[in-house]
Ligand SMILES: NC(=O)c1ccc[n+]([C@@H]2O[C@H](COP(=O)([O-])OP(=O)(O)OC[C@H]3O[C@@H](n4cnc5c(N)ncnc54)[C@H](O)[C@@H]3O)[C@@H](O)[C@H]2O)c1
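Before any questions on binding or motion, here is one chain by itself as structure tokens, the form predicted on its own.
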Amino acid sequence: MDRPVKAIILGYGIRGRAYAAYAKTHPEDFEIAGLADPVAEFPADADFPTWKRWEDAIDSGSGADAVIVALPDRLHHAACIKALEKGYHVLLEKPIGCTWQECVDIAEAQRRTKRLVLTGYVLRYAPFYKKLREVIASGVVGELTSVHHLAAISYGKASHAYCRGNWSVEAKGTGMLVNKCTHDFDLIEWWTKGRKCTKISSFGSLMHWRPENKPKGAADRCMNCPESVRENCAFDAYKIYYDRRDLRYHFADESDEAILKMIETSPYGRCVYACGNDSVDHQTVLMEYEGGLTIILEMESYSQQRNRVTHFYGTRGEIIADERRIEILPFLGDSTTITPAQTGHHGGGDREIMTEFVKLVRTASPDRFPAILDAALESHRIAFLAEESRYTGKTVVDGKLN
């Protein structure tokens, strides 16, 4: 296939827009065959069909090769299976499903239809993490004995997504760990090179963004909150969205006027202590792998920075990686620092996963497709087992999800 891969994009929020941007930078490789979203404003210069209902887009007979599913989490299962059954290849934004059974259903549909399902694990394709994996695999620090991995979300991002936003209530999709950290479990699966995880314990809770912690005199919306209360609140919507600009990319219109209107009228202007949220705000997962390797994953909302910091301990040295630099600290010889070049969102991962998706659609044998999905499913299996441990308070041993 020499022509551009044509894809219908379902969901035109932040992830849908990120994937759509590839059509402008790589028109020889990728073409938008249509957009579906019930509420989004579509590009004024769109020369392709648009739909309000994702079902209508899949049923349209548009002649597309693929479907990109960037809908809310709870719709991933239905949209992916329908697209597969219509004969489309699928780029599926994570999580694959909101339950393990939904993940299994999608795997069965993939094998039945023999179509590609590529999960949106953009970090796996980012140049930084590709280089980090190369360093680990080189054996420069010997055999890994333990890994300490911190997924620091930042108080602004966490209050946006998991308190005020779409992932604030577990029953509407998934828990915070499955939604956010399947990226991290996927990286861990990469680093452990297929070793089996034999034990999992997990602990976490919603500690702070609760009604009983609401400051005295605070209103249910920031616009109605007394200035004396707002000035002492780090989570004030005006500070998060208006004074700062780093979270505005979540909104199609980033202008000051639009942001002020959003604060006044949308869920993102609510007091963080009055959102009815139940997602955890911090969680720790302890894992033991075959051979004795131990891994700690810590997910934290109350951080200043939004980044991932990983410390690898090996029999011949250490590696410290913080998404900017990779420090290699061998016990013998000189230390070295690598600073991989990074451009674009997710360090270039958004761009590179689209390059890989186009390549797979064009050239890959269908015999490869089951293994591609299976690799992604393992991160979900571990995440769901960790949630089982958190819910039950028990260590999961040789866990299996049926």
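Heads up: residue numbers just count along the shown sequence, starting at 1. Owing to the predicted nature of the structure, the values given are computational and were not obtained by experimental measurement.
The following text describes the form predicted together with this ligand, which does not appear among the structures shown.
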* Asked: Of the residues Asn166, Asn213, Thr198, Thr284, which one places a heavy atom within 4.5 Å of this ligand in the model of the complex?
  -> Asn166
* Just one of Thr113, Ser303, Asn179, Thr192 has a heavy atom within 4.5 Å of this ligand in the model of the complex. Which one? -> Asn179
* Heavy atom of Tyr22 within 4.5 Å of this ligand in the model of the complex -> no
* Asked: With the cut-off set at 4.5 Å between non-hydrogen atoms, does Arg15 touch this ligand in the model of the complex?
  -> yes
* Non-hydrogen atom contact Arg351 with this ligand in the model of the complex at 4.5 angstroms -> no
* To do: Verify the contact flag for Pro366: yes if a non-hydrogen atom of it lies within 4.5 Å of a non-hydrogen atom of this ligand in the model of the complex, no if not.
  => no
* Asked: Which single stretch, out of 356 to 364, 335 to 343, 373 to 381, 29 to 37, brings residue heavy atoms within 4.5 Å of this ligand in the model of the complex?
  -> 29 to 37
* Asked: Taking heavy atoms and a 4.5 Å limit, what residues of 121 to 138 are near this ligand in the model of the complex?
  -> Val122
